[in-house]
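This document starts with one chain, in the form predicted on its own, laid out as structure tokens.
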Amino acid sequence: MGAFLENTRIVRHADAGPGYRTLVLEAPRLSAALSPGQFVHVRVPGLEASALRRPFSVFFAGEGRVELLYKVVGRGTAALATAAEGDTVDVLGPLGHGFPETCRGTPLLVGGGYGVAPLHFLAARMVQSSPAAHPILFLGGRTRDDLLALDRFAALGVEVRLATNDGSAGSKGFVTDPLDDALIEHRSKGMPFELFTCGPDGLLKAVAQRAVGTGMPGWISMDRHMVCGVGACFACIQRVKGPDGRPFNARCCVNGPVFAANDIIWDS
């Protein structure tokens, strides 16, 4: 199904942590069409008509609603944060290619900050389609305030392993530390797994390296500045290996945002 416009209604808009918000939209068409890892382009209420839409990962879609989890970081998200329940929001979607929804072995989900949003949608879809999936979430942040949606993952029955830079929750250090422990455990027992990640570039590269290094599938949601969302402006370029093995400039908004780990060409 191609992208379409839906005029949605805000049914809930609430704080999700210091500087973070959840936005719940009544969107029956989009909720039925979206897949984990895809994104939507939102025309932000309160901005001038000439303002560009803003892209958002999808936190959850189903039961006639679409949920977004975002951080207030600039003019667009600051304006969005003032939108009230009952307001209408024009949304374009579904956009991009998302994660595979099934995997061989244990799904290991690795997130940082609001990069956790599409991983929650993925976990919900996996648990719904296969109760035996048993995803494990590895979630990292600078402090405990950056560890989002823990209650939502708990409600899904997802095991969560935490790390913070300051040690205020979980282990002290990077989220790759508990991840590495799990990789050692799975490999020593011959247990297959696949890696799924969304977050800052450093985390994405680290997870991709581990997928390639272990020879297991890895799926990386690239965080690039998407201006148009439909591949027209070439602002969200990522170098990847094409089907013929030769490098090409992929547009994250239409060719991604999710890519196979062994296809990504990282800047040295």
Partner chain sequence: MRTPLTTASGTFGYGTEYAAALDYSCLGAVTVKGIRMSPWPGNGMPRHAEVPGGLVNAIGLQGPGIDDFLAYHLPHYVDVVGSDLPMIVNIWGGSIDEYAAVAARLSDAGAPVAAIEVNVSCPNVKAGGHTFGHDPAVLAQVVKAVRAATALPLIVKLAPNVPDIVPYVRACEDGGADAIALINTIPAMVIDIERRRPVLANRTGGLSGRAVHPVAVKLVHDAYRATTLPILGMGGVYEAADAIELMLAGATAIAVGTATFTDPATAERVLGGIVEYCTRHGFSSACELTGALDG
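Bear in mind that the values here come from a model prediction, so they are computed numbers and not experimental data. Residue numbers count along the first chain shown, from 1.
There is another form of this protein, the form predicted in complex with the partner chain, and it is not shown here; the text below is about that form.
In summary, among the residues Val212, Val227, Met222, Val240, the only one with a non-hydrogen atom within 4.5 Å of the partner chain in the model of the complex is Val227.
Only one of Leu68, Ala61, Leu204, Cys236 lies close to the partner chain in the model of the complex, with a heavy atom inside 4.5 Å, and it is Cys236. The candidate stretches are 213-221, 227-235, 31-39, 196-204, and the one lying within 4.5 Å of the partner chain in the model of the complex by heavy atoms is 227-235. At least one heavy atom of Arg75 is located within 4.5 Å of the partner chain in the model of the complex.
Using a 4.5 angstroms limit between non-hydrogen atoms, Ile265 is distant from the partner chain in the model of the complex.
Using a 4.5 angstroms threshold between heavy atoms, Leu92 counts as touching the partner chain in the model of the complex. For a residue to qualify, one of its non-hydrogen atoms must sit within 4.5 Å of the partner chain in the model of the complex; all three of Phe4, Leu52 and Asn249 qualify.
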